[in-house]
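Here's a solo chain for you in structure tokens, the form predicted on its own.
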Amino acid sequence: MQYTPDQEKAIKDRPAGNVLVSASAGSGKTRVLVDRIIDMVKNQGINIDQLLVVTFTNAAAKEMRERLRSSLQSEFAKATSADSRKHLLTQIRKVAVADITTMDAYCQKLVARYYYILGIDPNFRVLSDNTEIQLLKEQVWDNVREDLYGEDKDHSFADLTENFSNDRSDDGLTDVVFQMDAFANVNEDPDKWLNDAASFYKIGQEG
């Protein structure tokens, strides 16, 4: 593959800092990243399992792994010195265990490895089923709503419910709560977003 000067720079340069490669879809970013890794393996003696290669999707991670394995095999076939062939063969074998994965899968791996430091159950699992997530949300909201009704001595929660719902159900308030939850969770700090949203409606100083 014939590289542009910028692509060649992205592959070969080793600045004291971060490298950002920005390009449109189909412009060869994956190929450039693969060749940058191959260059590190060949010319810097890096082991591929020392690297963390993160992609957005499982499909992209699989493609990256396959491309790296194919490129290493090609380099092994061209290598002439015994040391180079030995190093490249080791890297080919390590591709299967290298951290070429999505960010969430890598984080899950860290949590599974260091659960005792984090103080969590080693049998944890990632909640990824949307139906199960919705059912849990509804269960939590039902429990919270029941507690609020039970402690509603000044009828403030009843008034809030009536404001968004009707006399047949409180689904209107439920919809608002779930919408607020959805908005909050796309922010970096959901709790801060919720607190800021509430403070917007404060009038003057209390007391």
Ligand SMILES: Nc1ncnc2c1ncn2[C@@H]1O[C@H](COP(=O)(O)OP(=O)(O)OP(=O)(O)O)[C@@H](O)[C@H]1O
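Just so it is clear, the model here is predicted, and its values are computed rather than measured. The numbering used is simple: start at 1 and walk along the sequence shown.
Absent from the display: the form predicted together with the ligand. The rest refers to it.
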query	finding
Single option in Ser27, Asn166, Ser156, Gln139 placed near the ligand in the predicted bound form, where near means a heavy atom within 4.5 Å	Ser27
Contact flag, Arg65 vs the ligand in the predicted bound form, heavy atom cut 4.5 Å	no
Contact stretch among 44 to 52, 28 to 36, 147 to 155, 178 to 186 - heavy atom within 4.5 Å of the ligand in the predicted bound form	28 to 36
Partner contacts for 114 to 145, taking the ligand in the predicted bound form and a 4.5 Å heavy atom cut-off	none
